[in-house]
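For reference, the chain that follows is the form predicted alone, supplied as structure tokens.
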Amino acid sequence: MANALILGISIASIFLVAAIGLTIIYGTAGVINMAHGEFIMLGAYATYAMQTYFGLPYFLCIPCAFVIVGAIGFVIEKLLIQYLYHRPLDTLLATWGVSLVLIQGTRLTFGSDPKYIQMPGFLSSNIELGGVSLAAFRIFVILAALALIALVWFVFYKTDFGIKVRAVTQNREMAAAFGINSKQVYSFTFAFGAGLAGVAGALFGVLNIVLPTMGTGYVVQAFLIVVTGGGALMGSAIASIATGEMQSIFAMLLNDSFARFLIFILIVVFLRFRPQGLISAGGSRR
């Protein structure tokens, strides 16, 4: 059981890293971003490109992935998303179209053959934790998830930008009366969430091969985490830990495929009785 709990923390950290950028975008602006998985994919390709063409070490590629994907997200928000706020169905279809464009654009640029990201040698070893042999890179992902939570908390609760974001989320008209440009806030928030997805891609590109379609495998789980958590950062963190631990335990008792099936069933049942999620973001988004 101890083995399953430790592995569950590793799974939970992957879920959280995948969901944290989506949590910010959905929790702040109410945008259902179907292209989130492709932002993760772009982060992986940005890391690959930085290593292959510019020779940057892996740890420098991570902030580069944040900047590159964040800039792409900013452009997409300015060209498309800003015209679709408060139109959830249109936003859903538009971001799905964006995801297809990003996949095809990446395929045309880098080809369809798999790419690989090189990680530092010391992260390729295994570390014993409570009798469980866990890859050092998975421990790095756990630490990265904690660092990202701390970063988001600091940005949203200790900076002027965070105050503006929370003000616009609570009451857009009142925030505008105090001189806050809600369009600018939404643009930078979308870019920030996209950049965090880029960081997720830089991490996941090491765990898996890099392909134009790699984001599809993460976006469903990220949506489940965000919806279960209620669109709030703390809710997503709790949902990630709960689903990660349950999946690990169910996989130990049964098998991985059936464990995922049970998780989906439990999430559906939970949302039936608590549709607002664990912790509601609580913004009126007027």
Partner chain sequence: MLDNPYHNKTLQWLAYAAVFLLIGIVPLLTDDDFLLNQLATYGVYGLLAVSISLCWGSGGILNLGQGIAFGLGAYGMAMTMQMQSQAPGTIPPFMANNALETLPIFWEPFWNTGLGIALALLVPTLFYLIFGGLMFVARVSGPFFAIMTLAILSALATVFVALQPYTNGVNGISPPTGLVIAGTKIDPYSSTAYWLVFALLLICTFTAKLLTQSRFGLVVRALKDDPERVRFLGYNVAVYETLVYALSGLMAAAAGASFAVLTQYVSPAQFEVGFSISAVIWAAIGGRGSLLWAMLGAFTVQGAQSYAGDAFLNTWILILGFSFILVVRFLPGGFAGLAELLLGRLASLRGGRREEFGQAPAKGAAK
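Positions refer to the first chain, counted from 1. The structure presented is a predicted model; accordingly, all values stated were derived computationally and were not measured.
We do not show the form predicted in complex with the partner chain, though everything after this point is about it.
Are all three of A94, L100 and Q104 close to the partner chain in the model of the complex, meaning a heavy atom of each within 4.5 Å?
The answer is yes; A94, L100 and Q104 each reach the partner chain.
Which listed residue (Y45, Y218, Y26, F66) meets the criterion of a heavy atom within 4.5 Å of the partner chain in the model of the complex?
Residue within 4.5 Å of the partner: Y26.
Exactly one of A239, C61, A35, V227 has a non-hydrogen atom within 4.5 Å of the partner chain in the model of the complex; which residue is it?
Partner contact (heavy atom, 4.5 Å) among the options: V227.
Since only the chain is shown here, I'm wondering whether L80 would be in contact with the partner chain in the model of the complex (any heavy atom pair within 4.5 Å).
It does: once the partner chain is placed as it appears in the model of the complex, L80 has a heavy atom within 4.5 Å of it.
Using heavy atoms and a 4.5 Å limit, would one call L89 a contact residue for the partner chain in the model of the complex?
Answer yes; at least one heavy atom of L89 falls within 4.5 Å of the partner chain in the model of the complex.
Using the partner position in the model of the complex, report whether A177 sits within 4.5 Å of the partner chain, counting heavy atoms only.
Result no; A177 lies far from the partner chain in the model of the complex.
Answer yes if any heavy atom of F223 is within 4.5 Å of a heavy atom of the partner chain in the model of the complex; otherwise answer no.
Flag for F223 set to yes.
At 4.5 Å between heavy atoms, only one of the stretches 52 to 60, 252 to 260, 35 to 43, 66 to 74 reaches the partner chain in the model of the complex; which one is it?
Among the candidates, contact is made by 252 to 260.
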